[in-house]
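Here we start with a single chain on its own, the form predicted alone, put down as structure tokens.
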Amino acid sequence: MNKTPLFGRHEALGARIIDFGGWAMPVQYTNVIEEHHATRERVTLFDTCHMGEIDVSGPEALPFLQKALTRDLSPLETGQMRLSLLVNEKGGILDDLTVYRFGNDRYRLVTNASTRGKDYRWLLALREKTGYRGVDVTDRSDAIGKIDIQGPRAEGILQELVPVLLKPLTYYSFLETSLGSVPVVLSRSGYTGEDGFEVYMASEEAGRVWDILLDAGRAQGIRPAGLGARDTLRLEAGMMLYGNEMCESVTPYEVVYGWLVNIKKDFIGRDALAQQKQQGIRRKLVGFQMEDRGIARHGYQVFRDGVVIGDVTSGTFAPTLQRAVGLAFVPADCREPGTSLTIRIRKSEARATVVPLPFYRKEKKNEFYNTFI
């Protein structure tokens, strides 16, 4: 398995290591529920060095990205980031990623770990196909480390370590600064539904930054958290996971990403998505809560009136909500909140109800929650 620069530290902390898409990653240090609550109530650190970073630069960087991505990036200013999508010719999702603008001709795409190689190859092929010669596409994934510090105490801890004021940094904005003597990029963003920051540095400095953050946050109750808590946190916040809710046969309109598609601009997959928008969708990703005991896991079948109508994509016990919730694809006419469903859990059938997303919302408006407005 691939190992991040922090692997030795995870072992030293007694983390339980699993294979996550070919990466040796910590799933938990103590237990998932403790790490989940620590994120919601205090602050935690996540190793996200396995994610991908692809730099796109040059005089044709913006028109190239406009062709590659579904969202209009022309309003994006230096120091801002946006969520967007790569889709194929049929409108299927290749990846959901964030786009950072560092300057007039400098952008960085932050991809999912499982798609980073595919995204890079797709962008190179698109450059050749479209003839954009004034653009450089560089995979920097191995050279860049990434650590997420998440939770209500994250800002206070970071503020003591950087020479810039963090309070004015709005959600989905970023800045370049130093942490200790390490050059870093800090973006106010994350995958937990809490306030927090994603911290980028040279990969060889990741261990040093990890140690600085753990030491600085000790009095604030900071603790490392693994993929288990990351999954329960993102699911409570209604955030999707590539490979579960999204793949190349799923379109933005079928999940919660229709707002990321700007049909007025020209991009790969536009015609297919314009047609789907006009004709309507046959299936839709919905949130549900369990009414009976049991947790609906990925792949479990969903029934209505005794007929199989869909499949669960993600499901868990939500520690903040103290109940089992999940996401599932169902026919579009079953997407309204209050719709009754039945989910087969092993050999038993359990009642569930479609509910609005997200399951959990921190009292703030941010980029991601535009999804649900």
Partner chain sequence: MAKPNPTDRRYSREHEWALIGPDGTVTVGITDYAQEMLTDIVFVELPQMGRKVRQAEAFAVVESVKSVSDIYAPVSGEIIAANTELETRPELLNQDAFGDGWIARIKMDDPSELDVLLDAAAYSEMILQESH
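Numbering follows the first chain given and starts at 1. Keep in mind that this is a model prediction, so the values were computed, not measured.
A second form of this protein, the form predicted in complex with its partner chain, is not displayed here; the remarks below concern that form.
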Does any heavy atom of residue 316 come within 4.5 Å of a heavy atom of its partner chain in the predicted bound form? yes
Exercise: residue 32 in contact with its partner chain in the predicted bound form, heavy atom 4.5 Å: yes
Residue 300 within 4.5 Å of its partner chain in the predicted bound form, heavy atoms: yes
Hey, in the predicted bound form, is residue 231 touching its partner chain, heavy atoms inside 4.5 Å? yes
Given 316-324, 43-51, 57-65, 334-342, the stretch touching its partner chain in the predicted bound form at heavy atoms within 4.5 Å is 316-324
Quick check: do 27, 295 and 346 each get a heavy atom within 4.5 Å of its partner chain in the predicted bound form? yes
